[in-house]
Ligand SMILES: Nc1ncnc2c1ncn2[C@@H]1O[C@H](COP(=O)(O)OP(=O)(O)O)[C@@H](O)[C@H]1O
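Just the one chain here, the form predicted on its own, laid out as structure tokens.
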């Protein structure tokens, strides 16, 4: 590797080099991503836009270390993920990446506070300490008084705020959001986006989001359209 390449990979958060990904369906090989080259700098906001089946959620799963590319090079925080073992990948996901999903994925039997604290339990953080951290994150998303509630007692927008608090509780480097506003009305969706972008602005958390909404995507530093498994970047500033 050239010295200039090493410097670039060490300074960025994520780098994908000539990444391809495909699935096997019976005897058929179905390509999903083709020759992906992407660098994401620390602190950037990036929207992945595209039609259903274009490959954007698969790309998000690769960024989230949930799937290995079929071929190519994946670097996260200066480390080659192609040679990382399952335990190392799980540890990186727990410590450095926060996930926010369209369906919230909250556990219905746990209180809001315990849902937020859950990722810390996987690190072995004592329950009392984890709940203190969780309460701080609930305050950050405007739900300080709802910790004792169950998810079913909250509105959709409030549940998404809980999901964001859970993603933040481990103080991640990166937040990956898969259609986080897809089940919300337009005003609540706008509020959630304002919250996420505010967290990026105030705390420097890198934000990558999959969305079908072109208007929401315009609020991001970068807009990357996924078309037939290939990337086409647009300038957010030129879109206005």
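Bear in mind that the values here come from a model prediction, so they are computed numbers and not experimental data. Positions refer to the first chain, counted from 1.
From this point on, the text means the form predicted in complex with the named molecule, which you will not see here.
- For the candidate set 175, 65, 32, 184, a heavy atom within 4.5 Å of the named molecule in the model of the complex is found for exactly one residue, namely 32.
- Of the residues 198, 214, 43, 53, just one reaches the named molecule in the model of the complex with a heavy atom at 4.5 Å or closer; this is 53.
- Proximity to the named molecule in the model of the complex, taken as heavy atoms within 4.5 Å, picks out 23-31 from the listed stretches 200-208, 184-192, 23-31, 167-175.
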